[in-house]
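In structure tokens, the next block holds one chain alone, the form predicted on its own.
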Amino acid sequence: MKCVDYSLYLVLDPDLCGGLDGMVHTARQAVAGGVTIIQLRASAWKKRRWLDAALALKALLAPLGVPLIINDHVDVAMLADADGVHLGQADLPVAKARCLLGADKIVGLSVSNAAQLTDVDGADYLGVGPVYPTRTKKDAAPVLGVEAFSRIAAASSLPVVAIGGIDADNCAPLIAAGAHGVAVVSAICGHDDPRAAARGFRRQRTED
């Protein structure tokens, strides 16, 4: 199993961050505040903009030792030499993505119910949710809640990252329920001080 710190997983949103420059600024500040892994997710963008953003983020994050994950697009991940991809249930199968990326890259998979745990072979981690109601993903699956999340986490041998409506005030029950980390979007993206927002999560975990 790869040694990856999933504890504070930031999903960058270009609309909330204010485009590419805003995403780079947010990433820089958030890592300084304790973010451990970053995903690029820009659903409305064309591939050229995805690649430009991926290259800029890779240049920033690689010297800091923070993995860059690309949502959905294996080709962009390969061209930017990103650290991995995160796949949804309707994207390339994990095994096919692994064939393209190789054994050393990180492959994550979204899971929204226990039935989807039957086809996770080859994944390095699972993104499980939405745990709470979310406004940043219009096609999100039904809300799980903490109890259902806990059952899915307990049923998987893979690291599990909770996602969906998570902020510094509601993340503690998810860690207690078995989450290896929490993935956040609006809790950091769009904040005047992304560094302070990230520190809020770190402070919460330290106190608990």
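We number the residues from 1 along the sequence you see. In this text, all values refer to a predicted model and were calculated from it rather than measured experimentally.
There is another form of this protein, the form predicted in complex with a further copy of the same chain, and it is not shown here; the text below is about that form.
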{"property": "Residue stretch of 47 to 55, 170 to 178, 30 to 38, 61 to 69 approaching a further copy of the same chain in the predicted complex, non-hydrogen atom distance within 4.5 Å", "result": "47 to 55"}
{"property": "Touches a further copy of the same chain in the predicted complex: A114 (any heavy atom, 4.5 Å)", "result": "no"}
{"property": "is_contact(V74, a further copy of the same chain) in the predicted complex, heavy atom dist at most 4.5 Å", "result": "yes"}
{"property": "A90: touches a further copy of the same chain in the predicted complex, heavy atom cutoff 4.5 angstroms", "result": "yes"}
{"property": "Residue contact check: L79 to a further copy of the same chain in the predicted complex, 4.5 Å heavy atom", "result": "yes"}
{"property": "Residues of 153 to 169 having any heavy atom within 4.5 Å of a further copy of the same chain in the predicted complex, listed in sequence order", "result": "none"}
